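Next comes just one chain, in structure tokens: the form predicted alone.
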Amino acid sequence: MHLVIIGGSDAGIAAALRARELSKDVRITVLLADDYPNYSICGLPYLIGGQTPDASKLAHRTTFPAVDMRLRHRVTAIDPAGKSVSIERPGGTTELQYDRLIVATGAHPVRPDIPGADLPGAFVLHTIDDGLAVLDAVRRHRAGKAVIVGAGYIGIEMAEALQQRGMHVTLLSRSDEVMPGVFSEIGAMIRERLTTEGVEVVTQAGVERIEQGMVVEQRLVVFTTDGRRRPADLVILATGVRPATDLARDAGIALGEGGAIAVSDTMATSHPDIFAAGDCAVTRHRLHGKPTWISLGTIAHKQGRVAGENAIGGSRTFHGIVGTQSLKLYDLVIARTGLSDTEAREEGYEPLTVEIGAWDHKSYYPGATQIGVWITGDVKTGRLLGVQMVGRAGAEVSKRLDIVAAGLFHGIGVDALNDLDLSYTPPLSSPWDPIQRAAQDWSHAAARSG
């Protein structure tokens, strides 16, 4: 059997490794459009910020025994009937036959449809080459001005990275607050932390256009909807990504939520012998059971592993997601999983959210800090729906949230969090962990509301 995989990032590599792990006989070919197999997109802000100065470290591995890695082989078409792919490669074009195909083409950054978004000095951030180009611009404009369009995860991480490089940074958010995926109180904390570090945060401000400056060579000017003109030595367009599904669409493969490739729980597409995984494929949210699309490396790794196993004859199932994410900003950690009350209400739940503050460990032991916990449950059934947390690095915010993510995955009630046998020692926690304290407060509030 010849297994061909289009894409060599998280999902593609996970698929290749799982297939090779299970079978020594299958022939595996991975086709990459660039020179960087298995690189970490999530690490790009840390390359630019200087925490990871060597770009090669962003690739976990670059060689894989008994896997044919073909770099700079860009697939231009899929022929499901002929079971072949057309390829542009150095020196010309070629075709490659397959028995089974996995599409792991990832996602494309969204370059907003505004005049000037394609000018030199206006960057998207998605590939190693993108990161190196931004890093080169940062080095050429030390102590210069940077404007970041978009205040989601990447925009916020890049604000820190560029500020730490000595640039004056302006972060633009079209929403009322930064990071609109979290509760507004958490967004306000993020904005305050950025402001403390000298980042100018502007909310309710979109971009009308970007123009080439006339005074300093290569300088840009960003015109925003609040009537301001903001000079910039570089502009980061952090306005999201979209699934890279042009190949699949042109081959007649069915698309689903968000324009991503529609797949079954086995990662099979609408075409026999073709699977899809990662940022190009839909997933299923366990809290409402509907197809959804979320671009996360954690999802890509898991889907790729399932696709790789099933493409060589397995029967593994991908069991869906609950939307777990985390972010570190300076010494602040923000994490969320599940649904917010707004999202829960849209899905027909009757949500109640309770906020508490709790010490990360016993307050009499040195270094105790407060963790903010927002817990959401369904008043009608008591089902746990989601948690958002914020606290200092070292307070184990992200790992505490993972406890909740595991509970959400298995559909537990809020009160069931109190039954979990969690570890305790005064330097690390309390007999009742902060998530359990939050669960108790939620139960009291739900009883009063009923």
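It should be emphasised that the depicted structure is a prediction, and the values quoted were computed from it without experimental measurement. Residue numbers run from 1 along the displayed sequence.
Just so you know, the form predicted in complex with a further copy of the same chain exists too; it's not on screen, but the next bit is about it.
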Q) Though a further copy of the same chain is not shown, can you say which of Gln97, Thr298, Gln204, Thr76 has a heavy atom within 4.5 Å of it in the predicted bound form? A) Thr298
Q. What is the one choice in Ala232, Leu352, Val333, Val169 with a heavy atom within 4.5 Å of a further copy of the same chain in the predicted bound form?
A. Val333
Q) Where does a further copy of the same chain sit in the predicted bound form: which of 62 to 70, 403 to 411, 26 to 34, 377 to 385, heavy atoms within 4.5 Å? A) 403 to 411
Q | His319 within 4.5 Å of a further copy of the same chain in the predicted bound form, heavy atoms | A | yes
Q) Contact between Ser326 and a further copy of the same chain in the predicted bound form at 4.5 Å, heavy atoms? A) yes
Q) Quick one: is Glu157 in contact with a further copy of the same chain in the predicted bound form, heavy atoms, 4.5 Å cut-off? A) yes
Q) Is there any non-hydrogen atom of Gly92 lying within 4.5 Å of a further copy of the same chain in the predicted bound form? A) no
Q: Can you tell me which bits of 403 to 428 touch a further copy of the same chain in the predicted bound form, meaning any heavy atom within 4.5 Å?
A: Ile403, Ala405, Ala406, Phe409, His410, Ile412, Asp415, Asn418, Asp419, Leu420, Asp421, Leu422, Ser423, Tyr424, Thr425, Pro426, Pro427, Leu428
